[in-house]
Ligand code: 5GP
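Single chain ahead, by itself, as structure tokens, in the form predicted alone.
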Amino acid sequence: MLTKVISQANIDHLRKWTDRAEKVVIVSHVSPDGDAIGSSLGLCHYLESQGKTVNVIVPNAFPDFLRWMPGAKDILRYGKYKEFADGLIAGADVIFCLDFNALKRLDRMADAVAASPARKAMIDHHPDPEDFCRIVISHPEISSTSELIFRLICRMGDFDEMTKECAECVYTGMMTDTGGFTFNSNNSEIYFIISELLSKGIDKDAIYRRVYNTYSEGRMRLMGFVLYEKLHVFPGFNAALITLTYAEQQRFNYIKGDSEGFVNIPLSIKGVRLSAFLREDRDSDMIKISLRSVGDFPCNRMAAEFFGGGGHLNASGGEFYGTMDEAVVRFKTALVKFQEELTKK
């Protein structure tokens, strides 16, 4: 049995909305990851089974290794089809905001969502949600937004109606947001959920292969380059840093998602408690910051204080507008500020 994490009031409120709604839009954050796509498609399949017209809209492209997911081909990219997407957002009865807690995470799509007269519901697992949705289902203690979608479907009394396609998407989101269930995944209820998803006929081994074992040759060569040329270890701070410029990405025919997981690699080095990955993003004219930590080091505090971001204790991110050299200087300043916490026994 699952703990009833989502309040009954939110369940009742959401049921009224979905019963009345005909047109639903699901949106997620810029540079959507496995949890963003998995939770969005999982909810989409569920709502379609309830007879709703559903459109999933994301700000920009998502990684190639997620395109196998059921329904992924129908996801609308706002940056490519803005006028059409604006019409869908403005005409929606309900908008679900998944896997983000601040409108700025929608990038150029934020204004359209804010201006829409649709009822808005947030389902997310990041701390400190902003107040832009009438229904807020926010649970930072839960491993992923996809897990919350599973819990929502069960609380709505519709587990029996969950399709295999929905289950595949939910599982993918849960798997990717826990690094293949290697972090933030000690809650025994996660494994009860997995067993329930398996009962829907999913092949979890095949899903793993599709996500983690279908990378391009360019990614493999890029990984070798990154580890040999771009990895910097700071022994006095128990930290490591990887940087990747746009020019370096181009050398290896970079496609969206090719650097997925790079930030986790330095955590395999003995003594490293914090890993940072700084990647130049030409599309948004910024340096994308990814931080990962082990133990009790709060990389979300570092992300918030130095890179205008946030996230979870051990997995956070942010942005830096400037040159890569300036971003590296900012990171080194952060290391000095947090040295005591990074080096404590």
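What you are looking at is a predicted structure, and each value in this text was computed from that prediction instead of being measured. When you see a residue number, it is the position in the sequence shown, counting from 1.
If you look for the form predicted together with the named molecule, you will not find it shown, but the lines that follow are about it.
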Self-check item: Segment assignment from 65-73, 37-45, 52-60, 290-298: heavy atom within 4.5 Å of the named molecule in the predicted complex
Solution: 290-298
Practice problem: Would you check, heavy atoms only and a 4.5 Å threshold, whether Asp283 touches the named molecule in the predicted complex? | Solution: no
Exercise. Tell me, yes or no, whether Lys120 is in contact with the named molecule in the predicted complex, where a contact means a heavy atom of each within 4.5 Å.
Key: no
Exercise. Report yes if any heavy atom of Glu319 sits within 4.5 Å of a heavy atom of the named molecule in the predicted complex; otherwise report no.
Key: yes
Quiz item: Can any non-hydrogen atom of Arg279 be found within 4.5 angstroms of the named molecule in the predicted complex?
Solution: no
Quiz item: Among Arg273, Arg219, Arg155, His126, which has at least one heavy atom within 4.5 Å of the named molecule in the predicted complex?
Solution: His126
Quiz item: Which residues in 94-110 have a heavy atom within 4.5 Å of the named molecule in the predicted complex?
Solution: Lys104, Arg105
